[in-house]
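Here's a solo chain for you in structure tokens, the form predicted alone.
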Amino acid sequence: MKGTPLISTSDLSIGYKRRNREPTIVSGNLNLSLMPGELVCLIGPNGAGKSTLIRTLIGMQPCISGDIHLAGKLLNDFTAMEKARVLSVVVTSQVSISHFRAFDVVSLGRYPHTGWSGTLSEKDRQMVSYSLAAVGANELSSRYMSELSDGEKQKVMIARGLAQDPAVLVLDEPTAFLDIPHKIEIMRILKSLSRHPGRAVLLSIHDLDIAVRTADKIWLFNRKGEFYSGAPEDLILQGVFGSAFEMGGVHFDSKKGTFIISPEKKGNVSLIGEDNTEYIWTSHALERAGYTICNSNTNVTIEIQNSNGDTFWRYFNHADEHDFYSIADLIQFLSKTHGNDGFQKPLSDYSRYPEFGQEAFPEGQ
């Protein structure tokens, strides 16, 4: 099957068919391919068509027009049981199974292979154990689902989908309800699963930063229902991310590969220091607070220094200098002394910094 798309579409239009009405088309002319070994992330603003595409690709919703092939065969030609042996789906809803052990839940994924009786053979049990191990959930096997955290439950549900031994694993928002470390762990697991010979993983996701850093390919809808496909880096360079998601006060920074909140601009500062962790996070804090880092034409300089293993930040202008021992204190000081068009002397704020004195606020700075 190598080199043959596991999912492919030709001139696909997705949307909603209504009785005695013209269909509502969400997006059209979609020619997609999901190849073995790929992890593909489907992203886009709310209401752009992600869920509609997922439901259409797995056969839960009819397409408006066009064809969908699964493992080289028309999707409509599969019986439900045949499809379940090729395609597995993990949905986004929170798991509410309380009185099942994790092993039993994962065992349910073997239904396409066990026949009408549902009796597990030794091979089935080995596949269940393998699936739990593949997602790092061996230790959860004998625990009840009611005892598991959201992240642990999600691992079990992914293992259940994997127990079907599918060629295509489709997940709808698998990182929903999870904290950041568990989101990253789930994506690491899915990346590993996609590398299994003859398998691919497709998931919808709202965590754009994680998608950019994890996906082999991005499928992206913008607000108009227009569709783009490509490597994350190519879509960033083409400006697709910015046009799809930007809104007032938020924009995509193509250099950092993340969305940022546009702060009120307060002025320029010069930042001196080694290109290390302290420098990176100091620049983040300054930019978040509204300061642009420049190498020239600034009246204020921040220098990151180190003495006996302790890091401190030295502020100085042409009149005075002060040392700060945390980024928070530095930013607080700057926010009280910096005007919209340069460092100026806010007379009403002198009393808030008696330790610095009036010399810290030189005229016109």
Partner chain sequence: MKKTEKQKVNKEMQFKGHSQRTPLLMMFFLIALFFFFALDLVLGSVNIPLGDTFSVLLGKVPLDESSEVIIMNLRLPRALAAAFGGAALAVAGLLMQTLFRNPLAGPFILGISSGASLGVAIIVLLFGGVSAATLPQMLRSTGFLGSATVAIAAFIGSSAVLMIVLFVSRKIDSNVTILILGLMFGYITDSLVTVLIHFSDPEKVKAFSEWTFGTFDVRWAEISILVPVIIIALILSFLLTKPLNALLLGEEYATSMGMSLSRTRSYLIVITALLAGIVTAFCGPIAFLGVAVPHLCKGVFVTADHRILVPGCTLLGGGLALFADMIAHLPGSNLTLPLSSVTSMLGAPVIIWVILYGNKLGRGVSV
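Numbering follows the first chain given and starts at 1. As the structure is a computational prediction, the values presented were derived from the model and not from experiment.
The following text describes the form predicted in complex with its partner chain, which does not appear among the structures shown.
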Candidate site Thr214, Ser254 and Asn276: all three near its partner chain in the predicted bound form by heavy atom within 4.5 Å
no
Since only the chain is shown here, I'm wondering whether Arg101 would be in contact with its partner chain in the predicted bound form (any heavy atom pair within 4.5 Å).
yes
Looking at the partner-bound form in the predicted bound form, is His322 within 4.5 Å of its partner chain by any heavy atom?
no
Against its partner chain in the predicted bound form, would Gln164 count as a contact residue? Criterion: heavy atoms within 4.5 Å.
yes
Quick check on Glu147: any heavy atom within 4.5 Å of its partner chain in the predicted bound form?
yes
With the partner omitted here, the residue among Ala133, Ala231, Val91, Leu237 that in the predicted bound form has a heavy atom within 4.5 Å of its partner chain is Val91
Of Arg55, Arg314, His69, Lys336, which one comes within 4.5 Å of its partner chain in the predicted bound form, counting heavy atoms only?
Arg55
Tell me which stretch of 155-163, 70-78, 223-231, 194-202 has a heavy atom within 4.5 angstroms of its partner chain in the predicted bound form.
155-163
Given a 4.5 Å distance limit between heavy atoms, list every residue of 177-194 close to its partner chain in the predicted bound form, or none if there are none.
none
